[in-house]
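You are given structure tokens for the same protein chain in two forms, set apart as structure 1 and structure 2.
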Structure 1
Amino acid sequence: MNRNKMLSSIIVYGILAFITLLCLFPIVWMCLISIKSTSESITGFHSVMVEQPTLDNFRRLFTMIPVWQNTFNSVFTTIMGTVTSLFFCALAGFAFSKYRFPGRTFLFYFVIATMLVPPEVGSVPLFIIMKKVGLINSLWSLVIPRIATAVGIFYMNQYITDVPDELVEAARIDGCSDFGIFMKVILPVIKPAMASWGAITLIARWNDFFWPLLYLRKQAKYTLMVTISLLPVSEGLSTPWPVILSGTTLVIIPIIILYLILEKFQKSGIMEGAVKG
């Protein structure tokens, strides 16, 4: 019995290892091509062999596009978008879960219903609004329209609902204001949810492509994801694949590292959803 169990475990782990390697191969191949010289082959089995590692492709990339400026744009919109989303989604979730006001149920379900509508459907109205308020070609156009999302509000509401009402009432009796209750009572209790939603939002904002492409007009304002996609696909009769893949590597590697760092927060957010009273 133990032998059969061990054999089945070996087979299962072997299959999982094979699938993992299959999924990782494109990323590894991309990183290898990015450090190959232009004289080496990038096709066939020889593409995974690097004879003369070089950083020339990255140097060429830095001369073709304003990498540092675009990286700053990505970091700024990612951090600001995450911070504002955490704050306002938690604030809205607190209002829906701990306050009773006319139309509360209808408004909450209306917010939830907007999750059924693809975000791209509102791209034209949002573009018109951003143009009228003068935010086209501004990094704030990537932050302000999404300072609170239906998914984030619902996510936070589910956690805050489990916070005992007695904690809120005790703070109110002690003279704490509503905003003080939110800052001093609610936020410390829902740290796992904040960390989990923050990790999800960080990754989503860094990978954002559609909205920067819609709102931004100058290369100096582009995020890294957009400017890499606009690299020239040909130089004379050839396509500079090593340079293009070096740019792709520059975009993907930070988010992989960020995911590995924030993975534990995502797990803790899922596992610690219930609040102990």
Structure 2
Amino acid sequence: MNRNKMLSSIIVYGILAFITLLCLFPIVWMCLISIKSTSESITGFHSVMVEQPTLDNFRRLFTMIPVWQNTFNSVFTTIMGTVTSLFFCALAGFAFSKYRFPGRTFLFYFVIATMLVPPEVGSVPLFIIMKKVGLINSLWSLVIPRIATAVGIFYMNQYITDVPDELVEAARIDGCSDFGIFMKVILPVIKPAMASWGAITLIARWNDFFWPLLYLRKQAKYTLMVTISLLPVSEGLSTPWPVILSGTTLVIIPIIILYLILEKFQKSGIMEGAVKG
């Protein structure tokens, strides 16, 4: 029996270690190549050996594309998008979970149902609408349409439902306004949920590619992701691989570090409490 248990443990650890290797290898490999000098071989197994680590690829990248400008664009849309989305999704989630207003169930299922047809399918008229309101080539075009998202409202609703009703009632008896209850009672209690959903939104917005490609049509307004996607063709198809991978490193490593930091603030796992069987 004991030997069986040992064997099972070894198998579980073994498979997990193998999966972890598959998950981390492309990321580590990318970092290694990004610090290789262009004269070193990047073929096959030679690619994992770094003989002369250098930052030349990054320097070259900065001369090829407006990295600072594009990074600012990405940071701006990511942060504005996350902050507004967190606030308005929590607000709507609060309304759905703590008020019994007429039409509540119907409206809630309606919100869920809107997830089944993604807004991307209407991108032709969306482009026209954005043009009419003058948001083409504006960073706000990435923020405004997603101020309140269905999936965010769903997540917040699940979490706020677990906040005891007594807390809300007590605040109301004390003469707190509805918005006051949200700001002073609900927001402080749901901090772990905000951290989890904040992390998810940050990642999604940073990695956003389709919408910036559609709405931002000049290089000064590109987000980092759009610029990176153009790297292979930006020197007429002859951009060296180490330079391209230094670009992807610039995109991937900061968000991984941010995720690892935010993970510390989450009390429990990222989806715990949100999905109930």
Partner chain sequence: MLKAIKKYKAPYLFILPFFLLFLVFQLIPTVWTLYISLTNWKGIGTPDFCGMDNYKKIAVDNMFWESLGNTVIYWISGLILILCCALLIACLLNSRFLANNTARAFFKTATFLPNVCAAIAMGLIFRMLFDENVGLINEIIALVGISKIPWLTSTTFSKIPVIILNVWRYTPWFTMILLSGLLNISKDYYEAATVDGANSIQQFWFITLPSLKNILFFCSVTLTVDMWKLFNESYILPGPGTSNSSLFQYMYESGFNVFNMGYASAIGVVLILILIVISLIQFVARRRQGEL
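Superpose the two forms; the largest set of C-alphas matching within 1.5 Å is the rigid core. Residue indices: 1-based, along structure 1. Given the structure is predicted, the values throughout are model-derived calculations rather than measurements.
As summarised for this chain, the second structure is the form predicted together with the partner chain, and the first is not.
Fitting the two forms on the rigid core leaves the C-alpha of S123 displaced by at least 2 angstroms between the two structures. Aligning the rigid core leaves the CA of G103 displaced by 2.6 Å between the two structures.
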